[in-house]
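For reference, the chain that follows is the form predicted alone, supplied as structure tokens.
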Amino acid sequence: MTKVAASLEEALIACGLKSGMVISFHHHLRNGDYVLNKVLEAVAKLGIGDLTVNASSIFDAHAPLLTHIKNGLVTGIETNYISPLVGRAISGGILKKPVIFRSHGTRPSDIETGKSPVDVAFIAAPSSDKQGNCSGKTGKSACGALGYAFADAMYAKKTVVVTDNLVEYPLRDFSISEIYVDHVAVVDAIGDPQGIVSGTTRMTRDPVALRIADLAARVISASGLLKDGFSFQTGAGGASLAVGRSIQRIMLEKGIKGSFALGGTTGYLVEMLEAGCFESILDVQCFDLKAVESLHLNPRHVEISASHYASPTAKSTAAQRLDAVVLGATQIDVDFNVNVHTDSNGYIIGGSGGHSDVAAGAKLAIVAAPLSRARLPIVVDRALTITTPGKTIDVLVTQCGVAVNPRQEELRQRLAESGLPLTDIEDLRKMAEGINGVPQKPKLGDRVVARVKYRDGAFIDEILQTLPDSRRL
């Protein structure tokens, strides 16, 4: 018995794919992914249309998706993130139905509870055997953890593993078991390794970003949380890496032994693990080659599912055990509401990812961002789109000072005693507008092009169509 299909098209036929269904994808291959495009190309040959694509994230590499939207093959999108190239077209109103945005935790929760059913899931797998035991840790397209694909594989009506590295049965160190897999499709390549991972994620040299990183690390240190058992998450951007490097220095100087680091993993986080700063890494996604290698070789580097990471309906999650998290923002308003979905002109450029999940779960949620970007204030009176509600954000760190949410008076006192340059968020807004001027409001239409779902199941905001003359730069 073998589950290997003669072609991707044969696998689609065997799954009974029909117009009007929901197909799903994961994004661990990121901007190097070929699978989403290959599947939609095969679907087009079969004359199927009116599909909803549920992808954990959509990148610029998925630009062919726009053609399939125009010809009616794809009429709906559910996702956690959309990159600017595709996002700009969505903002212009190209899609028939509004995009449904979720977080990295809410997506698997909704799939598992039946709120977001999937007809056919496609699992891009860098290695698989003939029965569908698969992993991202080995193969020419190795991407590391497959955490975002677990719910898809387990709860879809049909599951297809798509691989470019078919190995003998059994694949021992598998991530997803054959018991969830219906078919295996072998293709020449599932992705471009150069787009899947970068050799090294780069530390910033920007003095403004380094100033912000230093202040953020001092906030964590002064909070009282940086002690034995400390748990931590930060992003893969240059400034976030700089925060991690500063935290590493403090932990090594003081002999602090942390418990775990969480989230998307970089080589810098692996260095902290190997230096003894943390007992383990809980990894839902790898961001570079060093992280991929570490997950494959180091038993203290552990792959987890997106549900384990942050599902709001799980009995417990790693996000709930976080001490501190450092997050970014395209906008943060005077009520500490954060926007990472749209830019200041209203165009879709991202999505929550795990932003709102870890902000809700961590004891200390820090937004680290410059006062302005591209001549537009980051600190504003009202965020254009609310991704993460202000009640879950504790501190804003900018190069011009640190603002503490009024809900956290005890924290404010701790930071004041440490000598950090505290200020009011309203003063930061005025400072940003004094430098850049008061921004004009973008010109938006009445049509809703996307809806943003929060962790409690309610829609927290809507994104309106951006009109062609709305750009303010």
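Start at 1 and count along the sequence shown; that's the residue number. Remember, it's a predicted structure, so these values are computed and weren't measured experimentally.
The form predicted together with another copy of the chain is left out here; the points below concern that form.
Here the chain stands by itself, but in the predicted complex one stretch of 333-341, 259-267, 389-397, 218-226, 259-267, has heavy atoms within 4.5 Å of another copy of the chain. This chain is displayed alone, yet in the predicted complex one of 77, 378, 118, 181 has a heavy atom within 4.5 Å of another copy of the chain; that residue is 181. The listed set 280, 372, 165, 204 contains one residue whose heavy atoms approach another copy of the chain in the predicted complex to within 4.5 Å, identified as 280. Taking the partner from the other structure, another copy of the chain in the predicted complex has a heavy atom within 4.5 Å of a heavy atom of residue 133. Although the partner is absent from this view, residue 170 contacts another copy of the chain in the predicted complex, with a non-hydrogen atom inside 4.5 angstroms. In the predicted complex, another copy of the chain sits beyond 4.5 Å of every heavy atom of residue 323. Among residues of the shown chain, residue 245 is not one whose heavy atoms approach another copy of the chain to within 4.5 Å in the predicted complex. Every residue of the trio 299, 307 and 315 has some heavy atom no more than 4.5 Å from another copy of the chain in the predicted complex.
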